[in-house]
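A single chain comes next, written as structure tokens; it is the form predicted alone.
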């Protein structure tokens, strides 16, 4: 069992990724796929006159501020255009994919952070009416029901809060939670770079291997969204996932190459 996370940044080649998922699935590889859609969400939000707003937490992590309008745009893009576009790609390649959000069947569930503390213009501020949270529970029974009957689950945020509200959650950490819950052997995180770079954006500075004991220190090289990917990797490894690979989602056979050790391997 592997879990694959497809990033939502510019440059990721969904057709090549779908080709690889189909090849692996037809070869008997069981997997769950989690995807994002941040770049497309930004475009749609701009077009609708509600541009994205990003905030930095007091702990130094950048995330999307998600008011109710942003959440509706987020659902439109993630659950609609991106998810169903990927389902169509896989169905055309003979893979019986089922696209679901974490809200469906409470596949992803956790607490909502209605109040967040951020740093803005050098000052600490409190933002209210935010619809973000963290995945603490995964509906393993539903995922196993799909897997055992030959379906490939294709999952995306949002999650369900414990009160049943839709909440924006980080896709990389959600994928780590799925890997933990299913007892996956490997978590593959595909993005628009070849892996963790020592000197971002210099792709020749790829870090090919990180021992488990040095994951926290690797955060020094992680920039922007990569910080959450490193955090997700640490959470997956702590939960017993044997291997996490940050790999390139722009190339042919990206998952197979990651399984062969191309990218940044943490184990």
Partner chain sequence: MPEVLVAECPECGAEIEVTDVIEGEIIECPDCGVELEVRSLNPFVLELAPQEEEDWGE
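Positions refer to the first chain, counted from 1. Note that the coordinates shown come from a computational prediction; the quantities given were computed from them, not determined experimentally.
In what follows, reference is made to the form predicted together with its partner chain, a form of this protein that is not presented.
Inset, instruction - Tell me the stretch among 29-37, 61-69, 197-205, 236-244 that has any heavy atom within 4.5 angstroms of its partner chain in the predicted complex. - result: Every other range fails; the passing one is 61-69.
Inset, instruction - Indicate whether residue 191 is a 4.5 Å heavy atom neighbour of its partner chain in the predicted complex. - result: It does not: once its partner chain is placed as it appears in the predicted complex, residue 191 has no heavy atom within 4.5 Å of it.
Inset, instruction - Would you check, heavy atoms only and a 4.5 Å threshold, whether residue 57 touches its partner chain in the predicted complex? - result: So residue 57 counts as contacting its partner chain.
Inset, instruction - Considering only heavy atoms, tell me if residue 133 and its partner chain come within 4.5 Å of each other in the predicted complex. - result: Yes, contact at 4.5 Å.
Inset, instruction - Decide whether residue 173 counts as a contact residue for its partner chain in the predicted complex under a heavy atom distance cut-off of 4.5 Å. - result: Heavy-atom contact with its partner chain at 4.5 Å: present for residue 173.
Inset, instruction - Indicate whether the candidate residues 114, 117 and 128 are all in contact with its partner chain in the predicted complex, with contact defined as any heavy atom within 4.5 Å. - result: Per the other structure, all of 114, 117 and 128 touch its partner chain.
Legend entry - Heavy atom within 4.5 Å of its partner chain in the predicted complex - the one residue of 138, 155, 169, 184 that qualifies: None of the others qualify; the residue that does is 169.
Legend entry - Heavy atom contacts to its partner chain in the predicted complex at 4.5 Å, residues of 238-267 in sequence order: Read in sequence order, no residue approaches its partner chain (within 4.5 Å, in the predicted complex).
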